[in-house]
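The chain below stands alone and is given in structure tokens; this is the form predicted alone.
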């Protein structure tokens, strides 16, 4: 259970949230959707509730087990096997390693006393292992991983050989394994920030069922409205305009209806009050002309002010970022070519024999199952990672703009302003301030460290850097992740209107449709084909 009392959340000088009293409380059985526009404070609030950071004011009391999935999980030792990372949630990995060590001693020890000690220690370890679920738990961990699109071959690999999406799914599997006794029933409170990122349609369906059956508390941030509709029974709406949290003890669909009804009520009340206040002011103006009626006139004006002050705030239209990709710099007919690209981690081959020619203004989607090397290929083309064999040939005038799905191009320790300065060192200061303003970064936000931004805000800042780049080849890796619906539509509109070349990796069918691609590269084999509606249908499954 978690209770937040008099919670105040700030980002720099901005107040994101003020929730007086014990307004925010999560108990077993609560399945809460934490919603609001990008930058409203959802991710920051979830980090505070998880104990990862402190609130500006107020207290948070936690009891029981917590499972927290941040937007950008830090996995620690990347040399650990994926299977061991999942098992570590219950401490099973270290017990298994110690059991293997004692088994080796039992087989190799020439001294009877050494062998007897190893046998005794192995017995104690096996008892502990059984008490924690033992081999049944191992099987359960593998089942959860498989349900999240992580087959057995992936579980035997070190984390550093996995894609960013695979590593994030390992972290999700670890949290769900810790919270599960095989049926999804436990008292663990789950705090999940965009858990469907990098999941295919089958995995999302499985996760939806898991969360519906979870007996503990749940807070989920998600832009997957189908997940919210099927899972949540309460909604916390963070209002970026008022800096407050509205609590709705109802499911998603009823919440949407209640929000719409509430807004209509506020508009009616304000219209009626403004009409009455206008009449009072007119009457006061008439009375004010007569010295004997001056006091009555003042009372009428005060009454009109009180009438308006007592109203609930009417929501103003949400600000939206004005996202437009850059006018591409001049370039030759084929600004980027690659032939026979191969990439491997140790003995594990990621992709092989990839040939591609990115012509001026061409539109290409890279498609493949999770772990097929889509992100790695974009990193190689962007020069972020090196390829093992093959060649990359830049054409005349090539200027690459790279969007990394994990926001790797941002310096988390640098401010918003320092990051945009780094992205466009030759641009004028006023031009950059205007650009950031168009992407909804103004005033004190410019001095905010990039590491404290939400996932959606990081996406906007990275896109602002692309706009300033005049790139003629955009390498876009999941550019719509973490965006609210309005911001997502802005990105899709930008894709539709961009005249340069684009190489796109996405799980978002809408992003592929907006790109209107001509070709597809299928990984891991590197096969090239003309785009067709069949590939559009495969986007959700890839």
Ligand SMILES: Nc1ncnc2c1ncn2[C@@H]1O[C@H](COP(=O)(O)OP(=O)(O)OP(=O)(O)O)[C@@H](O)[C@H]1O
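Remember, it's a predicted structure, so these values are computed and weren't measured experimentally. Positions refer to the first chain, counted from 1.
The form predicted together with the ligand is left out here; the points below concern that form.
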Considering non-hydrogen atoms and a 4.5 Å limit, does the ligand approach residue 506 in the predicted bound form? no
Might residue 473 be said to contact the ligand in the predicted bound form, defining contact as any heavy atom within 4.5 Å? no
Given that the ligand is not shown alongside this chain, does residue 16 nevertheless sit within 4.5 Å of it in the predicted bound form, heavy atom to heavy atom? yes
At the 4.5 Å heavy atom threshold, is residue 453 in contact with the ligand in the predicted bound form? yes
Using a 4.5 Å heavy atom cut-off, indicate which stretch of 510-518, 61-69, 43-51, 489-497 touches the ligand in the predicted bound form. 43-51
Heavy atom within 4.5 Å of the ligand in the predicted bound form - residue from 223, 399, 208, 363: 223
Answer with one of 233, 376, 334, 448: the residue that has a non-hydrogen atom within 4.5 Å of the ligand in the predicted bound form. 448
